[in-house]
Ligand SMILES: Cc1cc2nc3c(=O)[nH]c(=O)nc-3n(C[C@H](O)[C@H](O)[C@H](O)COP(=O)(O)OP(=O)(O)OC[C@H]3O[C@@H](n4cnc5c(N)ncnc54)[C@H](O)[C@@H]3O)c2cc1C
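As a starting point, one isolated chain is supplied in structure tokens, in the form predicted on its own.
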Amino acid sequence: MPRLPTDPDLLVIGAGAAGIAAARTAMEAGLGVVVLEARGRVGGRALTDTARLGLPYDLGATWLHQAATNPLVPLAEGLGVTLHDSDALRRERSQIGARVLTPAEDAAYSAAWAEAEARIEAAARDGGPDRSLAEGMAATGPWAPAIEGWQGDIISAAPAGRVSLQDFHANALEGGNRLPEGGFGALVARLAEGLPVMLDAPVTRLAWGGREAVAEGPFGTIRARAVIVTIPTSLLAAGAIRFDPPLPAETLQAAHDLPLGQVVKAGFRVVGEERFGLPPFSSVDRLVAPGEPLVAMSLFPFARPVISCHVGGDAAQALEAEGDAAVEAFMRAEIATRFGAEALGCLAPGPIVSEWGRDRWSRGVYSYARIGCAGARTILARPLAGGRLCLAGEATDTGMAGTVGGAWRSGVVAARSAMAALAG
């Protein structure tokens, strides 16, 4: 760890993507910076594990979305990290149980998707009051539960009936997904190399009302001329940091209006040569009944012997609360449904399971806006104390909210606001 400045110009709380971006931006401008991170590692909700499966597995963020405008794409390329075009590589297959759809059934599924997306677009632009994503898409027919499951539980990490249509539309991504060789979490960690980060340093109190900010915690006291706070909305709303003076009521309300959704992932290593007749980078989904959780399943990325399953929303929260054994049993049953009970004999014991809902420093995955609260991101991103206190993170970005790219953008914006305040 580099030597930490004393009494820095800028204090950054949190060493996830937003905090890393803020620190890099300020240091490039010549400011003294200290980053305090509560965890024993950098990266936040981007984490690549290489031990449990014997190969890289992203427990959190996986794709660089919206590659044409994602600020992490040129940074990754500058580090020499190979970015694979996931959209070109992915091979999608849909099933009814273990049976692959007929061409006519596949066409009907695609048509139902197109109709739902067209209704979302029309509803978001009709000028009426905000409504739920489920109401806006108004999906009907046998594929409605699957489409709602994708747009709500999987993409938004919350049931479509609780997600703001306007916010969903404002943050709909334009496509262009990239997979970084070696894992997304590993990429984010590399971008933090050389930064003045203190690990295992949670902030318990932040005084910010005067001409300097004073952070307190088990590390002692650190004073700075400005501060950027990048902790998730779940922790802001829960009062994990005691702000003195308290945050403005509308800022705190915005944090409550942008709760974190829930996703639980499980990665299984496949033993032997069985690949279920699938090519690398396969994605398999299926028809689900009303109320049945949808499982997103990716198989054999980079030709690696891995099946990755994840489920979102209320089902994810319930499974994670039951523990890893419940998650494993649920995902194994889903694999058997799609590929037959004999497929279970190809899975190594002990999958790797995420635990973002149980993680005390996240308590969820990424934010969604409650119905009627589409403006909360703008409120949360508003600089305070003339820019000497800024909040950043994926929840404060509009356009790429819920993504690492959005978090990175927010960190850059917050750093520029803080630098302008310090220069004034």
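From 1 onward, residues are counted along the sequence shown. Please read these numbers as outputs of a predicted model, since none were measured by experiment.
Not on display, but discussed next: the form predicted in complex with the named molecule.
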Exercise. When the named molecule is placed as it is in the model of the complex, which of 199-207, 333-341, 129-137, 89-97 ends up with heavy atoms within 4.5 Å of it?
Worked result: 199-207
Exercise. Would W356 count as touching the named molecule in the model of the complex under a 4.5 Å heavy atom rule?
Worked result: yes
Exercise. Taking the shortest heavy atom distance, is I13 within 4.5 Å of the named molecule in the model of the complex?
Worked result: yes
Exercise. Quick one: is A254 in contact with the named molecule in the model of the complex, heavy atoms, 4.5 Å cut-off?
Worked result: no
Exercise. Would H65 count as touching the named molecule in the model of the complex under a 4.5 Å heavy atom rule?
Worked result: yes
Exercise. Should the three residues N171, C373 and D397 be counted as contacting the named molecule in the model of the complex, with contact defined as a heavy atom within 4.5 Å for each?
Worked result: no
For this session: Go through V163, L299, L187, I231 and name the one with a heavy atom inside 4.5 Å of the named molecule in the model of the complex.
Result: I231
Seminar exercise, completed: Partner-free chain; cross-checking the named molecule in the model of the complex, the single residue of L53, A38, L389, A381 with a heavy atom within 4.5 Å is A38
Exercise. Relative to the named molecule in the model of the complex, which residues of 251-286 have a heavy atom no more than 4.5 Å away?
Worked result: V263, K265
